[in-house]
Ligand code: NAD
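The chain below stands alone and is given as C-alpha cells, in the form predicted alone.
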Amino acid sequence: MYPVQGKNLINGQWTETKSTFQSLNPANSKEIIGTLPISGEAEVNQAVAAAKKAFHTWRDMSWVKRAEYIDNFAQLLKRDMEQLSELVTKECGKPINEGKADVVEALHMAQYMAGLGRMPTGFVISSEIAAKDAFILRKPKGVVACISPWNFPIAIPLWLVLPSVVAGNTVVFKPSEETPICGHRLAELFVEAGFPAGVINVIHGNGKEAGDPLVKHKDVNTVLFTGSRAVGKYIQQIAANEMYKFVATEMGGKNATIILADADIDIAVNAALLGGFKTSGQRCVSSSRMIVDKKIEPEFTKRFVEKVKQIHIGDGLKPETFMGPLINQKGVEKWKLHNQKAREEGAEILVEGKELTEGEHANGNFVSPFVYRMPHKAGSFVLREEAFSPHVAIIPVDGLEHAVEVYNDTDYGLALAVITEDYRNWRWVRDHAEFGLGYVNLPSIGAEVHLPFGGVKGSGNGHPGAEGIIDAVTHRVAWTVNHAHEIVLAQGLSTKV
C-alpha cells in the first residue's frame, strides 16, 4: 500500500510536476508514506482556471443536486473508514482512536452538508408594501481556495471544501505538505463520488511556492485558511489589497481549562489531561494553561501530575498509546524552546519533559509531557504564546474573576473549558471570557460539525469554520418582487415623475 504516488487533480485529470517531495511517518522517519508533486504558479493558474470555468455550470445546479454528490462522497468515507483511519495515524502520528475520530468527523460533515441541500437556504420576509414579496437568498461567491492544516488531515479539509461546493462554489484545495497523502486520498474519493471536472481541484506543495500564488490569484474570490497566526494574518493582508477577496481564518489559541474551587476534582483532572495531551497537544484547541483556584490547586496538581506520569507514548497504531509523536523536528524544537522559556521565567518544574530517542522511539519525533507550576505574570512568553506540544502550565488564581482575567491575558481567544458545579460560575465565565468555543465540565476539545468553530482576537477574524463557514462562502442578497400594477416604494418615497 505504501509508499503512495500522489498527484495533483486539475480539471478532472491527474497531473505531475518535475519536482517532488516525500511525506514521512512522524513515528518512524524511515518510512515513506508517499511522494507528491511540488506545485508552483503554473499549476495554481491551471487549477484556478479549471475551477473558474466549472463554476458557471456548477452554480446553475440546484442545492439538492449538488448535495447528492456529497452524499455519494459520504458513502465512500463510510466504506473506507478503517483504511483512512490508519492513513491518518501513519501520516500525522496521532493514535488510531484519534485517527478514526478524524474520519468520523469528516463523515459527519459530509452528512451534514448533504442534508443542508434540502434545507432552506434563505428567507421570505414581509415587505412594507403588501403587494411586494421580499426574499433573502444565498448566492455562491465563485472560486474558493481551501488551505488546511496537518493535524486533522481528513476532517478540516471537508469543513472547508464541502460547504463551499454545496453552496455552488468551485474549489482549489491545497493540503498541508505534512499530510499530503491524506489530501491525495480525498481527491481520489472526490473523483469516485462523481464530482464534475474542475469543481474540486487539488494541488500539492509548500506555502511559498503553491499557497502564496493561490491566495494572491486574481480569480480566487474567497480564501478559507486554518493554520498559524502569522500565515493567517499574512493572508488577511493580501486580501485587503482587493476589494472583492474575502478571507475566513482560524489561527490557533493559547487555551485554558479553568478549574474553580467547587470543581469535581475527578472531572477536572481528566478534562485537563485530555485537553492538554490529546494529539500530543497539537490541537488548536489544546489547553496549555490550567488555571486553578488556590483552594484546590495542591490537590489538583498532585493528582494531575500522577496521571501525567502514567501516559503511554508510542506509535499511534498500538492500542495502548495515548500520545503519539510530534509532527516533525521543528515541532520538537519549538517544544524545547517553550520549556526553556518556562525555566527562564521562573517556573517550578513538576514533570521534566524529555525527548525520547531510544527503543521504539528511536526514529520518531517523540517527547514526553512537560508540566510546571507558575504564578501569572503579565507579559510572560510561556503563558501567552501557543506551544502546540505537550507543554502545560498550572497557574494558581484567587477565585472566579481572577481566573477569567488570567484567561484573557493572551492575544488569542479560541477555546476554554470551565470546571464547576455552580451554573452561576460558568455563566459568568461565558459572559466575560474571550473565546469562540466554550465547554463546561468537559475538556477544551470535542468540536462538533453542526456548531461554529473559530475564535476571536489572534485566533480568527470572526468567520468560523464548520457550520459557520457557509456564511463565508455565500453572499446574502435581497430580491424584491412587485405584484401590483403600479410602483409603490418603501418609506413612502414618491413615485411621481
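In this text, residue numbers run from 1 along the sequence as written. Since the model is a prediction, treat every value here as computed from it, not as a measurement.
One more form of this protein should be noted, the form predicted in complex with the named molecule, which is absent from this view; the next part is about it.
The unique member of P163, G211, P153, G276 whose heavy atoms fall within 4.5 Å of the named molecule in the predicted bound form: Partner contact (heavy atom, 4.5 Å) among the options: G211.
Using a 4.5 Å cut on heavy atoms, which of P140, P396, P149, G413 is close to the named molecule in the predicted bound form? Flagged contact: P149.
Where, among 105-113, 356-364, 420-428, 250-258, do residues come within 4.5 Å of the named molecule in the predicted bound form by heavy atom distance? That would be 250-258.
In the predicted bound form, does F304 come within 4.5 Å of the named molecule, counting heavy atoms only? Because no heavy atom of F304 falls inside 4.5 Å of the named molecule in the predicted bound form, the answer is no.
At 4.5 Å between heavy atoms, is Y69 in contact with the named molecule in the predicted bound form? Flag for Y69 set to no.
Whether F453 contacts the named molecule in the predicted bound form should be assessed with a 4.5 Å heavy atom distance threshold; does it? Looking in the predicted bound form, residue contacts with the named molecule include F453, since a heavy atom lies within 4.5 Å.
Does Y234 reach the named molecule in the predicted bound form, with heavy atoms at most 4.5 Å apart? Answer yes; at least one heavy atom of Y234 falls within 4.5 Å of the named molecule in the predicted bound form.
What are the residues of 163-183, in order along the chain, with a heavy atom within 4.5 Å of the named molecule in the predicted bound form? Contacts from 163-183: K174, P175, S176, E177.
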